[in-house]
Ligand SMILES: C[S@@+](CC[C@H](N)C(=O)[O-])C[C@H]1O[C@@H](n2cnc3c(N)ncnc32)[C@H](O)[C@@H]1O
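Here you get one chain, nothing else, as structure tokens; it is the form predicted on its own.
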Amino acid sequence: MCSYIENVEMNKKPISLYIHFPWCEVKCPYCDFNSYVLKHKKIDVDDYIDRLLLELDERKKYYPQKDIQSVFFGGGTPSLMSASQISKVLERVTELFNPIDSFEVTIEMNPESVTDKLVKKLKSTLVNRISMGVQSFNDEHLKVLGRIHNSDKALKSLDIICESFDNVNIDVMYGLPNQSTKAAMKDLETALQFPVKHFSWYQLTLEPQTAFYKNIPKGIPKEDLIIDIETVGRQLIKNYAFNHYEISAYAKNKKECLHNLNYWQFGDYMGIGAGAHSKYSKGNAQFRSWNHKKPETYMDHDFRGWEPIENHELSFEYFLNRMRLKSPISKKEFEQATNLDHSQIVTKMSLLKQKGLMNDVAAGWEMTKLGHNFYNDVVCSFIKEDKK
């Protein structure tokens, strides 16, 4: 897979836009996203959308790009918005930016919010990609995960979505409490029976600030079982002609997620909504900003300003993103994305090669299989010693 960054100046490459909807029907015990229970919502959704549009207008001033490659409605559960509310946001986006030919507009959905009426209305908007958070097709595992849908609802929702949309992603988790390899493969096989072009398969992790972190559920699989699940599962996904292009993402027919690729390639992006992050480039400098997390605070306070990404942070930030991809990294790509000379990381790369974590390739480097298994260690090696 070729990197789209090469031979393109960062501040001329099309941007991506992330739009955060912070409410869900329930808060899942494993979720560390910036989300809140819908019944406690104190803000009218139309008022929230007006705030999103105000922020969109404000942040556009910092992006000289005219082109936009993707929009991603995330959350929370953004499908709790109406199709007309989503369309209102997209209309303003296309007034400010020029969508490229492969313009990708994704909305995350959960099975419980899927109806035939909503999906058909979404089809009439600019939305052309659905990301469905199923997590499991096993009712017992769904209960443990705190999900409010069951397997039957997940299957029916996917039928509805796949009937209207060609570009669909399914999220499935593994490493669930008391999950065997056989049960994990059953989830995969069920998901892969649908005509989806993208598949996200990732391990349950116990993140700080989650209910699972404070009260660890019984039966979390041991490391040897996790390795067995991953080995068997990756081969199964490959058998269905999916390309493993990112740590936890698989695509067929060149349907990699354009929005996420822009993150992993360290491109410029705008994030609007409670807790959303943004990054932009100007000359040889790069800047970032992040919003107030609580929706009420986001609504009532000024939008936060920008902070420069210091040179000693750039290598780490770049590789934190770029090394999620399976494709080789060229020296030219590194230099264009960070405005740093690749000579600054030669020593570090040599040490990683000695440990069997990186290899030299034509005009650049690539992570070894061992390196991918120790992704966190490889990335953290780029944190400056005096900044640890």
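Nothing here was measured: the structure is a model prediction, and the numbers come from that model. Residues carry their position along the shown sequence, with the first being 1.
The same protein also has a form predicted in complex with this ligand, omitted here; what follows describes it.
Colleague: With the partner left out here, check for me: in the model of the complex, does some heavy atom of residue 33 sit within 4.5 Å of this ligand?
Modeller: Contact with this ligand, yes.
Colleague: Taking this ligand as it sits in the model of the complex, is residue 202 near enough to touch it, meaning that at least one heavy atom pair lies within 4.5 angstroms?
Modeller: Close contact exists here: in the model of the complex, residue 202 approaches this ligand to within 4.5 Å, heavy atoms only.
Colleague: Taking 4.5 angstroms as the cut-off for heavy atoms, does residue 273 touch this ligand in the model of the complex?
Modeller: Output for residue 273 is no: heavy atoms all beyond 4.5 Å of this ligand.
Colleague: Do residue 267 and this ligand come within 4.5 Å of each other in the model of the complex, heavy atoms counted?
Modeller: No - in the model of the complex, heavy atoms of residue 267 and this ligand never come within 4.5 Å of each other.
Colleague: Just to confirm, with a 4.5 Å cut-off on non-hydrogen atoms, which of 300, 207, 116, 140 contacts this ligand in the model of the complex?
Modeller: Of the candidates 300, 207, 116, 140, 207 is the one lying within 4.5 Å of this ligand in the model of the complex.
Colleague: Answer with one of 281, 262, 278, 135: the residue that has a non-hydrogen atom within 4.5 Å of this ligand in the model of the complex.
Modeller: None of the other options qualify; the answer is 135.
Colleague: Which one of these stretches, 224-232, 83-91, 108-116, 184-192, sits within 4.5 Å of this ligand in the model of the complex when only heavy atoms are counted?
Modeller: Going by heavy atoms within 4.5 Å, the stretch is 108-116.
Colleague: Using a 4.5 Å cut-off on heavy atoms, what residues in 70-93 are near this ligand in the model of the complex?
Modeller: If the 4.5 Å heavy-atom criterion is applied to this ligand in the model of the complex, 70-93 yields 75, 76, 77.
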